[in-house]
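Here we start with a single chain on its own, the form predicted alone, put down as structure tokens.
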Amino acid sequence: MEIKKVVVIGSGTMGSGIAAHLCNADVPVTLLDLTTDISTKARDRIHKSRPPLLIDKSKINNIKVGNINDNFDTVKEADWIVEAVVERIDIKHQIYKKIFNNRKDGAIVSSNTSSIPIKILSENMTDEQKKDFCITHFFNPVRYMGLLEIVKNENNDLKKINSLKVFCENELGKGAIVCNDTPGFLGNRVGVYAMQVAMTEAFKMKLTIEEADAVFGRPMGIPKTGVFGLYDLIGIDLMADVLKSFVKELPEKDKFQQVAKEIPLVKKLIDSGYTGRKGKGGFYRMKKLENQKILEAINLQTGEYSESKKIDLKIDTVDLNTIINRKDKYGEYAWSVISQIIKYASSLVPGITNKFNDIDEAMRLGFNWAMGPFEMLKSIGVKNFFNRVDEFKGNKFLEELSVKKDENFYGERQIYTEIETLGKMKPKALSLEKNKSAEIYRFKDFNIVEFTTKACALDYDSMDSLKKATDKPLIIINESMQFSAGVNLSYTMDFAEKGDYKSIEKFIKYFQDTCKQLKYSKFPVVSAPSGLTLGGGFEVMVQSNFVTSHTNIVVGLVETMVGLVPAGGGCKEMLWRWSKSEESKKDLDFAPLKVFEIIGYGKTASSPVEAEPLKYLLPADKKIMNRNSLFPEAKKVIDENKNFKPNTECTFKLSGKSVREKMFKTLEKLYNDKIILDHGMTVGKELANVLSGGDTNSEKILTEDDIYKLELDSFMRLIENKKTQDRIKHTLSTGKPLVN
């Protein structure tokens, strides 16, 4: 059936998020609550939300609001009714009775519950009503989290379930995975278990919370919050309620029961108001001392706080074998946690799903893991795993695998979708070359470059891979959360601290040469960004010939925040794009002044809709709702450009001193208003020098190489400045900009 209108009942965090995302897909939605005032306030929160729940604020017009007494007749027109009210069975049952008394024949009804089984939710429904009822468990925040679990049972009309899945995949861009009606479904059952194992093992092995979070983090392909940081983020009290639900629903013999027992320290934190970030703090807390904020961490044995200590495991990328084979407490902890996660996840097959791959994808999409439990097993190696693992009696999956010892047990990835994803393609492609920062694949008659560093930060090796890959049509795309957060600042600072500025200059020049080669390649180059596409990552994207962008991007040039100017062609490309505007045809200074404002303020866009007015993206660039579709859409661009002709090099006319003086006046006002300080003035002047064309005038024609040279010279003067280095160090250590 077609879904053209939706009603969401309940305007709390999840109801609002679902309604907002339906708006993003241009699906008209009515948001109902107890009173119209409540749902109106929810719509206002959606409109003002940061990070934004809407890809374009005007999408808010797709939401109508009302209340469940006066406006319930809207349910009669809906093709899909989503219940997202408080997790109380009695209230949900009342809502369902009202929905089924009013809905049109065949309309789908679903609950967004994260824990209550269908059999309980639907116990008062007729057999006919049960056919059309399911659970649609979205993850928060709905716009950004890819996973949607569609939970069914034996009563469902499977054709209808599949039509809902197709709609949510194609229109809402979700990784929609169908699973059975079991406690916690797919994601939470494994994800919460993994968190509890990581926590209980840290207590048992007497690790500090910083040590546990360092191990149960990047080396395992898990977000850097680790377990204790994630507990604080979710809310320690909320996690306690989740665990009580699992304890109640799961059989006594389930291994989850062993890790879900109440921990005295956790109870003490909740009782004293230390419920995480929303409370006074949690496992971590911020303490003010002499006008400075100091991050403190709790001692798991004593319950006392002390200044948090950074743990450096010397592992920057996902590397399971290195971490589990360490001959220290970190290796012991890593192996204990990973082996238990693998054992538990595999024990759930075929109970919660007969497709073990779906468990991996649920962890990728719902918890942002780089790999799920079965991919972890594959990465460790079947033989290595069984040589080390302890007892797993009764686990049919592992018992069978231990006999077969099949290293290629995994099969296809992402079987939950029919889309030809990057994940499905990579095992079929030829790996041409791999270095520590990127990998080049050959698939049929084109190349793919995937960045592999932390946040896909760029360095010499990244550029090397890009340069080598232009011998064929090229797609630049990543499976990780980010396209690229920009140039690796640590890489740059390592040279700066040694006073080796020649190596920095050589790297930036190579970066420029590579980007120029992308832009004027003999074959088409397509960038397919998702997530962070900042600084150098933006410069790679903007100098590609084509772009297929995910709707969830954060894009822009932010170098001024760390005391630098864009030097990989970012200034040049923005100048060129704005020089094509109608205003620039009338006013030579319009483009440089506009770009000075955009780059100077480090403006970013959080969607393609926001990016277009800044000319970060162009109307011709494709905008894709489903991230899984980035690869096939990029491939389609290559297929459509078999007769591709390289670009013609662009030239510039800039007024030099004349426009630079206008920029300086802007800087002086900002300085006098104390919006920028001394070094902000220095950085601003360097940016003005680049964008004005340096020593030029309106009669002189500048080439791209001329602008590249200006970028490089300004960059080098700034990187040698101690105040820029102070900014970079501060950002690397705190993640926040320094105003100096």
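In this text, residue numbers run from 1 along the sequence as written. Since we're looking at a predicted model, the values are computed, not measured.
Separately, the form predicted in complex with a small molecule exists; it is not shown, and the next lines address it.
Of the candidate stretches 349 to 357, 254 to 262, 77 to 85, 170 to 178, only 77 to 85 contains residues with a heavy atom within 4.5 Å of the small molecule in the predicted complex. Interface residue among Ile728, Ile9, Leu22, Leu718, judged by heavy atoms within 4.5 Å of the small molecule in the predicted complex: Ile9. Taking a 4.5 Å heavy atom cutoff to the small molecule in the predicted complex, the contact residue among Leu702, Met681, Ile38, Ile60 is Ile38.
The closest heavy atom approach of Val27 to the small molecule in the predicted complex falls outside 4.5 Å. Within this chain, Phe596 is remote from the site of the small molecule in the predicted complex, having no heavy atom within 4.5 Å.
Mapping the unseen interface onto this chain, Leu712 falls outside it, with no heavy atom inside 4.5 Å of the small molecule in the predicted complex. In the predicted complex, none of the heavy atoms of Arg103 sits within 4.5 Å of a heavy atom of the small molecule. Although the small molecule is omitted here, in the predicted complex all of Gly15, Ile95 and Asn140 have a heavy atom within 4.5 Å of it.
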